[in-house]
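What follows is one chain in structure tokens, specifically the form predicted on its own.
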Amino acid sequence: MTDFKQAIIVREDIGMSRGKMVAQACHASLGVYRKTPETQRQRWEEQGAKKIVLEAGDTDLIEIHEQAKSNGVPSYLVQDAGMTELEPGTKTAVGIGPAEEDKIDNITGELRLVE
């Protein structure tokens, strides 16, 4: 049986508060979840809805988003509305999956876990 997971990649280089970072990660998770086919969502949920949170910079977010799309993995890029801490349009996070774990690892394998 293939294992599924979701990856949320956030920026730690732009001075977001922890609360803001968590909110942006939630936007990424929900945004990509809504774009994921129902069968993949069901398999992921049946397996416990595994998630990982990784860190990356602005360039990495765009590259990850594009790489996921080109590999057929659901992806959602979050751009902040600019109502609190950041300038409008600041890229803050990207969500990929739920998808097969190996497909996500091929895209995010070099990234570090958020600590």
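Nothing here was measured: the structure is a model prediction, and the numbers come from that model. The numbering used is simple: start at 1 and walk along the sequence shown.
Although not depicted, the form predicted in complex with another copy of the chain is the subject of the following passage.
- For Ile107, no non-hydrogen atom is located within 4.5 Å of another copy of the chain in the model of the complex, even though that partner is not displayed.
- Although the partner is absent here, Lys51 sits close enough that one of its heavy atoms falls within 4.5 Å of another copy of the chain in the model of the complex.
- With a 4.5 Å cutoff on heavy atoms, Val114 counts as touching another copy of the chain in the model of the complex.
- Taking the partner from elsewhere, Ser29 is found to have a heavy atom lying within 4.5 Å of another copy of the chain in the model of the complex.
- Taking another copy of the chain as it sits in the model of the complex, the stretch 14-33 comes within 4.5 angstroms of it through a non-hydrogen atom at Ser17, Arg18, Gly19, Met21, Val22, Ala23, Ala25, Cys26, His27, Ser29, Leu30, Tyr33.
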